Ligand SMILES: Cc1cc2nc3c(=O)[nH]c(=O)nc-3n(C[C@H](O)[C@H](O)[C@H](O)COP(=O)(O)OP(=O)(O)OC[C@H]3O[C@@H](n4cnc5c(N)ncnc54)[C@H](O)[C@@H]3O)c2cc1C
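Below sits a lone chain in structure tokens, taken as the form predicted on its own.
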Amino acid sequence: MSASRAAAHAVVVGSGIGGLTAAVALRQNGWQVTVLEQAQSLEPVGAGIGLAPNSQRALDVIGLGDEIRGLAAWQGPGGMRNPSGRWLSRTDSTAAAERFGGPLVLVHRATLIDRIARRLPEGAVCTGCPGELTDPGTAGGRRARVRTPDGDIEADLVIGADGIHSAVRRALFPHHPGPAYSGFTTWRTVVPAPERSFEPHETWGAGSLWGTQPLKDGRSYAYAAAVAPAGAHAADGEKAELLRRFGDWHDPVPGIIAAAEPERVLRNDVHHMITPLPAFHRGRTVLLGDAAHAMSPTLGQGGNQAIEDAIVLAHHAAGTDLGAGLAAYSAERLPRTAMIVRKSARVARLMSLTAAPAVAARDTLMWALSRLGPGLVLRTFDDIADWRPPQRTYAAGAQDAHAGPGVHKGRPARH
């Protein structure tokens, strides 16, 4: 960063994976950074997240990639099954790593949040501090303004990383329709290690799916999805709902459900942004992650794309012309994320098939493609998992890598 930008101040609204990654990357480029989080702690809502090679290469930029790769637990075969247990397609971790340059790494979201937040200095993340954008600023002049319970903060750059129902997005683009309900809901949980080992799998049924994946610490991450009305919830609890929907599926699904603690089964409707935004920025304010391009989880790319966003944003914000940098960020990220949103929606439509003939045809197609070779199945992730960041990777300095937890409650710093 040039000397004229040395004291520039960025405010990040939201302390999710993308927001924290942006904070670390900007700080390594010389920015002063304040992260505003309305929750009282950084304990993330969620269970597991799959980090593909594209986001791992992005994390290399802040010196975290190798640390994350060391958490990989999937070694060997896996694939897709039907509810009776028949394998529809087979993949192998080695084949995936060779094709895309790295393994798929399943981690608990809390682990990832902690690893990123530790690269920020004490006080950089302010929990219990909601932020409301009141002025997006102008790229060549007026600073942006964010209102907090303790007063307003002026910033050279504001980053809206406040999720699917982003208030920052609504302030920037009030006439955009925003995310729409995808037609299905999801469940997630983490359970203790099962008594018997299993191969990682995703199982597709009629309008539903189940996935079970191992974590490095021996626990298992399980996720499920099913076509359902928006806003629906089970009167007797979501664990009971999982038993009704998936309790007669192949092993280890019934055992995973039995081991789940009812209060740790999370249910969330899936919303996606089929209509892209006209841009990801306005003035001195920019969006990333779900705030910019909420997508169906069927390709497992939501968090991965947020991490990519953060690294690309920091790269383009490093120049002396912030307006040009934000325009370049929008131009680079909008087409890529819109493509992945559409691709995720197409996969979601396949998963959502409920008519028996259509489900049978889908399963037969998957089986036939698998028989022709695992490369055809992995090809789904071409142009996604092989992405590389726009700058040469570098290791984070010792000062940032060991800066401490970087979190406090109360008044954010003002610059």
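Each residue number is its position in the shown sequence, starting from 1. Since the model is a prediction, treat every value here as computed from it, not as a measurement.
Quick note: we don't show the form predicted in complex with the ligand, though the next part is all about it.
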Check whether residue 109 has any heavy atom within 4.5 Å of a heavy atom of the ligand in the predicted bound form, and answer yes or no.
yes
Even though the partner isn't displayed, in the predicted bound form is residue 116 close enough to the ligand, meaning a heavy atom within 4.5 Å?
no
Proximity of residue 50 to the ligand in the predicted bound form, heavy atoms at 4.5 Å:
yes
Would you classify residue 186 as touching the ligand in the predicted bound form, given a 4.5 Å non-hydrogen atom cut-off?
yes
Contact check for 19, 36 and 301 against the ligand in the predicted bound form, heavy atom at 4.5 Å:
yes
Picking from 325, 214, 163, 136, the single residue whose non-hydrogen atoms come within 4.5 angstroms of the ligand in the predicted bound form is 163
Just one of 78, 297, 252, 179 has a heavy atom within 4.5 Å of the ligand in the predicted bound form. Which one?
297
In terms of non-hydrogen atoms within 4.5 angstroms, which of the given stretches 136 to 144, 284 to 292, 329 to 337, 315 to 323 touches the ligand in the predicted bound form?
284 to 292
What residues of 242 to 260, in sequence order, lie within 4.5 Å of the ligand in the predicted bound form by heavy atom?
none
